[in-house]
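First, one chain by itself in structure tokens, the form predicted on its own.
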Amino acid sequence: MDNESPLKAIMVVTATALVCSILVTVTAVSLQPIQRAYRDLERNRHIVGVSGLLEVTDDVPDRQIVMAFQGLDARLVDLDRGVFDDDVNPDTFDARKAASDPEFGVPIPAAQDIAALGRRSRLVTVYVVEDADGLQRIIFPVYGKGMWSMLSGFLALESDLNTIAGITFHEQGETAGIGDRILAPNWQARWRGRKLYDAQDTLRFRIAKAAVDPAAPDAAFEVDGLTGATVTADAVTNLVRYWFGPHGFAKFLDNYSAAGDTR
């Protein structure tokens, strides 16, 4: 074929594009396990960070994170029944994906969908921290819609299942320098010691509109507000209230507290 032929030029361009497309696809597919492993490691770093087992800093090696994570007891909670479920493997179960599965997913009643999720899985993985003295903490996944993105993190409760031991967010896309201050360590530190429920088991926790007055009657249930990030702060309040409300972990917490365990 003549080198000056337009048809040959088109064939060369098409073949080059096809080869490049194949190479990109092969590369993307081959990198998926590595990317997934990295995401899992980052998620596990956040979980370990609120577990109380290890002080997680940037210089803590991955090996230590993996070892600490393996020391946690991953359990699936059946939210509808409020008990542990041992019929499914918690290490491979993905509650976010399961929300759209007809077998596991359930619609959230509109009146209770304050986290704007639409659906949730009836099974959710929690992480139990125990030692020789018994239960130390339970780490719960929490997520909900923020101003611009899905906010996803983990909230740890002390053994009384009411006092917050720690909070961390590992997924967010809020406004830089404003809403993304939910990632700030000094703000997250203010959650420690706050309560979810009052003596009458009413869910009282919220992010305040401003700095919390320690002498205020509601101070035990409030965290300082985020100036200029009211929508994100309200979204955090809503996702906590959903997940620890009647359609979330409330029934499980009641059962666990009453029985000492639900195994």
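Just count from 1 along the sequence shown to find any residue number. Values in this document were obtained by computation on a predicted structure and should not be read as measured data.
Another form, the form predicted in complex with a small molecule, is not on view; read the next lines as being about it.
- At the 4.5 Å threshold, heavy atoms of W187 stay clear of the small molecule in the model of the complex, well away from it.
- Interface membership of T232, defined by any non-hydrogen atom within 4.5 Å of the small molecule in the model of the complex, is confirmed.
- The small molecule in the model of the complex comes within 4.5 Å of no heavy atom belonging to G153.
- Although the partner is absent here, I178 is a contact residue: one of its heavy atoms lies within 4.5 angstroms of the small molecule in the model of the complex.
- Taking M147, I114, A95, I164 one by one, only a single residue has any non-hydrogen atom within 4.5 Å of the small molecule in the model of the complex, and it is M147.
- Interface residue among V223, V48, V236, L226, judged by heavy atoms within 4.5 Å of the small molecule in the model of the complex: L226.
- Residues with any non-hydrogen atom within 4.5 angstroms of the small molecule in the model of the complex fall in just one of 128-136, 69-77, 154-162, 168-176: 168-176.
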